[in-house]
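Structure 1 and structure 2 below are two forms of the same protein chain, each written out on its own as structure tokens.
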Structure 1
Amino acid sequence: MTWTATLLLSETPARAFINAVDEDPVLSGVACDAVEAARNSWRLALYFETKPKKAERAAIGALAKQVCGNKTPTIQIERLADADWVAKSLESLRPIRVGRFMVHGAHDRAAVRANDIAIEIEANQAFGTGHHGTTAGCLAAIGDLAKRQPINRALDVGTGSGVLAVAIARLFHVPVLATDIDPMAVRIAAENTRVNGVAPLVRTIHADGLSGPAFAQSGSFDLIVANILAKPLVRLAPSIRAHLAPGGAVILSGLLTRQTKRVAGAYRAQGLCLRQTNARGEWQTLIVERGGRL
């Protein structure tokens, strides 16, 4: 990949843009990431092997307009030396701390402190470097949960980079099943479990939600984390409930504050109670429990 198209956006349009790329008939399959370059200014980059063609530039412009409305940002197209594009995307990827977790790239290993639970994640095609409010919200919820209850077996639905699966494995030292609908994310997550020394604990599989052979005999989990969007979270409520052990907790993220009622309602309908909410920007993370209290 030697060409990039970059745009500066605020967080919500950047996330909406990334979510829309795979649905776009021209841009589907193009690698895309976003990192926080400054406060509420996200540098979104699309990576191409050759100079983006007219149709690709037009599709980027149309998506930018769709997510930003009238204030369409400038699209910068540039050629990167082959060795530089990864370094370029890492430049602005600062380490992030959430409770005891510190998520960092390899270039920031030296910043790890003695008490940190360090999680090394490189910026690449899979979502989940810890910088997004939903990932950070999940990390905070995982840390909170550890103060309240033991966890014996966990499931991470929509693992992306594998950041949450690694966090759970490193904090609780328990087996984690990590799934993603995107085969590329599954590969990246598997690699990240190796980099972080938890490959023996984390099994990464390709799956849509909680369907497929791995779930037929998986038994139940006492922690399920799902950082996907509100709609799939609602759709998955019955199968998440079916795989949740008594006394177990579910961490839900990827929803906006205004979607809390709808998502919490879907889980309440399954007999699960909302225990905690935690907001980061306009993103909400919920902890719902089986046998918990409202």
Structure 2
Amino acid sequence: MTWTATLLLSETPARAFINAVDEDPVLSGVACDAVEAARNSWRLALYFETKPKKAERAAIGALAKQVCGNKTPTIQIERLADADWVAKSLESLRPIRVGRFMVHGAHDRAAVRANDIAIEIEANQAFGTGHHGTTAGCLAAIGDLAKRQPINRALDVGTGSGVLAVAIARLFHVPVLATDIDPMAVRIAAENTRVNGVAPLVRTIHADGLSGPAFAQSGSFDLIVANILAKPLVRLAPSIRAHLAPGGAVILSGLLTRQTKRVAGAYRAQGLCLRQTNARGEWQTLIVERGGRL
């Protein structure tokens, strides 16, 4: 069984809440997502394997108060079967178009157009259906890069559902190494590569950071995508730089606008230059390059 803690927030507090969960000492590692329930009303849910403990409920309340101020929302705790909340999420998963990319569930295959690069992703426990501003920002950045430079080998750090790894493989037809610290996400991403016909191109592995035999075997990468959070983006800057090929590009996302200077500075300190920023709501996507221009 799965337990959920849900609350309704407007868009900006919902995004701030999701970004802050990973850095909260009590809630770090808890799966969290948000679905637009009505205009400027987002249903935010945190998922637990057991009923949330007193400390976890208190942490949720404190974080909600932090992002909402005086108007603290009601937190609803309930138990439901995994299949129930997955099905509910699937019903609300509308197709998303970003440039030539269309991310959709199996129930919307008929909506795919002739020139679409269609990516089929079902609602599940891994982050990344294209609905979140960070994922959409990365898809847009991948499409932009395709217009100006060749890519021969790519790395997707924190692959989640595998949507970005699939997008890279479908667009560039090149090998992609997709990694995640969550074994469940790795399994889901691997299944999504099979569903989307790119399993021969995408290798999915469990990894924390950018070390291990798989990275040594792959050599350097022309494109590295990291859609995670600001804190790990800063921490991984030296490792990402070490694995980036000359002239290569890095797409960074999972950070709020106020965190842009900090993240960009960490990569500038590694000799990488900020080429482009892309804002979607409160979320920023950055493209930094080795050998690029400020």
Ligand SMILES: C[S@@+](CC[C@H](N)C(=O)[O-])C[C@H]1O[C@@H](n2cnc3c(N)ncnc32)[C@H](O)[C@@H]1O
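All residue numbers here follow the sequence of structure 1, with the first residue given the number 1. If you superpose the two forms and keep the largest set of C-alpha atoms that fall within 1.5 Å, you have the rigid core. Note that this is a predicted model, so its numbers are computed, not measured.
Engineer: Given the two isolated forms of this chain, which one is the form predicted alone?
Structural biologist: Pick structure 2 here.
Engineer: Aligning on the rigid core, do we see the C-alpha of residue 216 shift 2 angstroms or more between structures 1 and 2?
Structural biologist: Yes; that C-alpha moves by at least 2 Å between structures 1 and 2.
Engineer: So that I can tell if residue 12 moves, could you say whether its C-alpha shifts by at least 2 Å between structures 1 and 2 after the core superposition?
Structural biologist: Shift of 2 Å or more: yes.
Engineer: For residue 115, is the C-alpha shift between structures 1 and 2 2 Å or more after core superposition?
Structural biologist: It does not, since the residue 115 C-alpha is displaced less than 2 Å between structures 1 and 2 after the core fit.
Engineer: For residue 22, give the CA shift between structures 1 and 2 in Å, the superposition being done on the rigid core.
Structural biologist: That residue's C-alpha is offset by 8.1 Å.
Engineer: How many Å does the Cα of residue 71 travel between structures 1 and 2 when the structures are matched on their rigid core?
Structural biologist: That residue's C-alpha sits 3.8 Å away in the other form.
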